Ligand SMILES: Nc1ncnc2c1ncn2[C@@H]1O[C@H](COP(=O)(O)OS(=O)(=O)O)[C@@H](OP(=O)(O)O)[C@H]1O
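The chain that follows stands alone, in the form predicted alone, written as structure tokens.
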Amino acid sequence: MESEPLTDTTGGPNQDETKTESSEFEKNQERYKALISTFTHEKGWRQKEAYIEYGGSWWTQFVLEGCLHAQEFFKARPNHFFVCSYPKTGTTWLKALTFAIVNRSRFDHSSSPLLRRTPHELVPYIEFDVSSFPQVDVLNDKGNNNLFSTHIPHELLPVSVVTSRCKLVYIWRDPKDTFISLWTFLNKARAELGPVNNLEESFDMFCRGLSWYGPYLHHVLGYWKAYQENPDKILFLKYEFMSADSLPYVKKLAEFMGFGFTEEEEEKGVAEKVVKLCSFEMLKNLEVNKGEKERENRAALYSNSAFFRKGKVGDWSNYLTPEMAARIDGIMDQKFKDTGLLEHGQ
């Protein structure tokens, strides 16, 4: 069934009105459920969790309800900044970097909230936190929080995000590593959603585009096209390049955000300190991101440690056969042919 995004945003409150917004979500939730029941449902990667087609992408019920709510009620402002990504492509790292860049004058490296809270607490999702958990502290810190994040495909973003002067950064990753990271991550959920399909079945579904927020390559291409049309508004990054040499990309990100490092900061090595603070090794080994520690500001399906597995480029080779790798590489080459994306060196 063809499904179109809800675009009627008239009369909706903005994210400052958190108590009103919470009641708005609850008031509209039954309407969302009724609408979603008319969409195409397919067996997902779990026995007890279907994927639902909407706007050319696949969603779980809870996330789709949040997406519909964000489309109707979220109001982006010119000073907002959005971390955009497909799941498991470097989101946690990029959230940490953007938070550290923006807040480096408020906190030194020994007092940063990143040392005691997961990056996902500090940069809220518009399709999770804003709709279902508006009580989280960062959403109520009106004077200091302008950072938001989303996994929503570009073509389904709230209208205000696209039409306002706010900026976005998008990160993508080799689909082979993306798949492995996503599959292992979903196996760590603490809720009773049923077991995840085996690797081979999940891989086949991923290649066919049947995955959470998928098809993945369509997700990437949507943001790539938006970047090509408006490079002043969207910064397009690749995980592998950033992993190989983080510092120049962190400086470029800071400049793009309007928080470029000054000459004095350059002399003091502030950018290097940001890179170190937000490194995978640093974040993974913090006490808050170990064991079964949970985020402070709301309930979650995953412990904090679930977001820090390996962060290694090429780990897919420990899971996928050469034939599986060739299959997904072939799909990527065909999908991105003549788009200029594979030649993009930023």
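In this text, all values refer to a predicted model and were calculated from it rather than measured experimentally. Residue indices: 1-based, along the sequence shown.
Omitted from view is the form predicted together with the named molecule, to which the following refers.
When the named molecule is considered in the model of the complex, Tyr32 lies well away from it, no heavy atom lying within 4.5 Å. Contact check for Cys278: a heavy atom falls within 4.5 Å of the named molecule in the model of the complex. In the model of the complex, no heavy atom of Pro158 sits within 4.5 Å of the named molecule. Proximity of Leu283 to the named molecule in the model of the complex: non-hydrogen atoms within 4.5 Å are present. Annotated contacts: Trp172, Trp224 and Phe336 are all free of the named molecule in the model of the complex [non-hydrogen atom within 4.5 angstroms]. None of 227-235, 73-81, 179-187, 263-271 except one has non-hydrogen atoms within 4.5 angstroms of the named molecule in the model of the complex; the exception is 179-187. Contact annotation: of the candidates Arg104, Lys167, Arg117, His151, the single residue with a non-hydrogen atom within 4.5 angstroms of the named molecule in the model of the complex is His151. Taking Tyr249, Phe203, Tyr239, Phe256 one by one, only a single residue has any non-hydrogen atom within 4.5 Å of the named molecule in the model of the complex, and it is Tyr239. Contact residues in stretch 58-78 (any heavy atom within 4.5 Å of the named molecule, taken in the model of the complex) are absent; none meets the cut-off.
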